[in-house]
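Taken one at a time, structure 1 and structure 2 that follow are two forms of one protein chain, written as structure tokens.
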Structure 1
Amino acid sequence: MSQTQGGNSKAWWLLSPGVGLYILTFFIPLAMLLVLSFAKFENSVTTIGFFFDNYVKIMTDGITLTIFYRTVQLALMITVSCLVLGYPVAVLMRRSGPRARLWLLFFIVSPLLTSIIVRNVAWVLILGRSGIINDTLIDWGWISTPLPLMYNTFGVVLAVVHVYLSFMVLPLFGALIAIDSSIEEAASSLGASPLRVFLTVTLPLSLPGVTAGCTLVFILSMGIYLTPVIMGGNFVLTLPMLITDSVRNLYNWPVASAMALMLLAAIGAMVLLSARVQKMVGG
């Protein structure tokens, strides 16, 4: 009945503890970063004001921008890898019976709740200089010096994909399961081969899921700190590492804040782009 849909605006008071927390730990901190990004940092002294020095610096110092591009590149590599590995799994999950699907879901979802650092430790033990792979290959006499499996982009991408694959598979699965299978049956009854059914029906209809998954993984990948530090050593630098370093070692809050806003801007741009694409693919 229509009586319940009105709702009571007094109920919104229940939000106040949460909103109060967010004001202290989310809105005010963000505002402070915004203000700081326009402050001046000279001789370890921060002057609040309206200066563009920090933004000019990160755009012109040659390093920040390069690392920013590298971060974007890295995020793209991670996103594409997740898509390539995740799509077939999502397709299989859709085709499976309930039992198999539950197990697949378990293996896909459980990483979401498994510590990133534990997963990175696992990869260190496998890919490290004296990790399982190098040890074994040297034992067998196939190689004499350890292969560089870690402390490079490859190692970082591998370890991050291991963590973020779930974020790709879930939206893909969501989009695939939403496709009415009678549409595919109709296509094949009209004479389309299984491959053509996939290319002309299934794939296009799953594009909203592809967009959502890619956006999510890309955004998450832009913010990675831990895995590049562990798996990349100092050979793979990302913008979050630069931000951390500016604050923890250089105490340069204004520049760190400007970089953080640069990161947010990039993520915002990605979200807008994704919304555009989503509209195009009919999500």
Structure 2
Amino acid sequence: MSQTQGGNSKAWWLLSPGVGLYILTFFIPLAMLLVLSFAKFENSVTTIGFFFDNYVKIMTDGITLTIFYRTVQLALMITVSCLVLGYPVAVLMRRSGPRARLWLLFFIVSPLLTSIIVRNVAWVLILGRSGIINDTLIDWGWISTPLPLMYNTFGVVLAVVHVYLSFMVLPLFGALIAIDSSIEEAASSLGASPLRVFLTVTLPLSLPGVTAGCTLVFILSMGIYLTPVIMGGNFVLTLPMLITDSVRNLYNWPVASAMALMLLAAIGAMVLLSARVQKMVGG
């Protein structure tokens, strides 16, 4: 018994490098954000203390909360789009053979293998006023003026979904592949239609994958910055863009820290909600 306890205590030391790195890269910066969020920024001077000026400004300036709500809406739109597009792909991967499954996996993951700048520039060439789509439609005589495919929410959602789709498909595929096909076959043999089998068997059993995929995509979408800057211009503002502007142009670290904590709180609420849903599904 003592030897087992001694072995376990030694094994815990193996975690020390990772724990130390996590403390340096997460807990210490988080503590600094918390301290700065209560500091006062006045006349370009930051005064450390316990002030609520930054939080009052966020709640009353009429801009920050609006952009925060739009950021949440944008993240939800991206999450729902990824779920709607990703679920059929995950089902197809489950029903495909090993070779076809490998190709599907490659096409889904391939956007992650390219630079974010390259991806966005490619979308500009496709969706721009003089892009491939508008030029083709004008040449065919289908439209007379270019369609507004960029510098709006549609362009941002499309460009982000293109990348984050893999974070939805992989958890869904993992959940679907774990389902015993004999359960679905038994439901079919009892007279259930394919739609009923999906709604009563496949979908409920895949809910853990749905929850995991939605959580991942939502968390990642709440922090997007570069894609809205390129694809949305000044017409689609997100909270990370506002935080960056406060730090880079206004040098207002206290307000930026308060907004960052607000963003982190929203992500934490999503994680808690996801854990609760996972518990309900598992129960």
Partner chain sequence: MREGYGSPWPHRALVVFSLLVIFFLVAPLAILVIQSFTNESYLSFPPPSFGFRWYREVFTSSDWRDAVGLSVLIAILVTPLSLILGTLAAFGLDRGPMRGRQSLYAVMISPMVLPHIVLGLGIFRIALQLNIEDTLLAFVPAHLTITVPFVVISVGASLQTFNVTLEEAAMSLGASRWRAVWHITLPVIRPGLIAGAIFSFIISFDEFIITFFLATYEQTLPLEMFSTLMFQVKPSIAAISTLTLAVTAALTAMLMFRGQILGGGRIVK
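Note that the rigid core is defined as the largest set of C-alphas that superpose within 1.5 Å between two forms. None of these values were measured; they are calculated from a predicted model. Numbers follow structure 1, counted from its first residue as 1.
The form predicted in complex with the partner chain is structure 1, not structure 2.
With the core held fixed, L272 shows a CA shift below 2 Å between structure 1 and structure 2. Comparing the forms between structure 1 and structure 2 on their rigid core, the Cα displacement of F27 reaches 2 Å or more.
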